[in-house]
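Next comes just one chain, in structure tokens: the form predicted on its own.
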């Protein structure tokens, strides 16, 4: 039994095993109906709990569809449907659910809840997103880049805008996969994880940051809990870090742009750049299904 909590905790060989298996899982689904079960249903007889304390589109659907394709069954609930909403401890929930299901995927604000769940569970735990990290998304991004371009090793990857949980997972990934990662954002929203290392650096000037970049990445500036005042303040703070056609021209001519969605046009990214790279964003979203299937298989390997 293995847990998939953070990229920093998994060695490169194991991460490569997951990515290599993703290639096989994706190609095996070509031209199959979405609901057809895989030829080798590795989750046959298993039940997976999808515990989502935050709203979700891509994570929820991709896990649910993937579980069904692998021959398993899913139980998807929000915290409001459980006693967690009445202050039951996550540790108690973990021990109870371990008697009912074979795996738990948690999506939550509080990273400590993920750690508490893992500590008290006897079944594999997958981080579907916390306020600190989003490893499923970043491993998918790496798969997508290598699918479209080739090895990410030695490439220059630049993060622009709000330094959130996805940014933290990129910081963890840079050393593992040996690429250069630059964070460009206002000092007021610096990442929780330390930036300066042999693979990571900080550049406050976005025009300098993107020079020679192979990949530009951004994400929404607005977390789900922020009110309109927060949004107005953050828009003013981050407006110079929007990915526009002018900024993109300062990167390599063949550079890619990633956005894991939901996206807000004319905020973190311009409509012109969205139109240019929307098919890439859809590839990121599709690949969440295949990468997460590979992660689930790896957890039981």
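Please read these numbers as outputs of a predicted model, since none were measured by experiment. Numbering follows the first chain given and starts at 1.
The following text describes the form predicted in complex with ligand CP, which does not appear among the structures shown.
Picking from 48 to 56, 23 to 31, 270 to 278, 248 to 256 the stretch near ligand CP in the predicted bound form, with a 4.5 Å limit on heavy atoms, gives 48 to 56. Out of the listed residues 182, 137, 93, 127, 137 is the one that sits within 4.5 Å of ligand CP in the predicted bound form by at least one heavy atom.
Checking 42, 37, 237, 261 against ligand CP in the predicted bound form, a heavy atom within 4.5 Å turns up for just one residue: 261. Contact annotation for residue 288: at least one heavy atom lies within 4.5 Å of ligand CP in the predicted bound form. For the stretch 94 to 123, the set of residues having any non-hydrogen atom within 4.5 angstroms of ligand CP in the predicted bound form comprises only 107.
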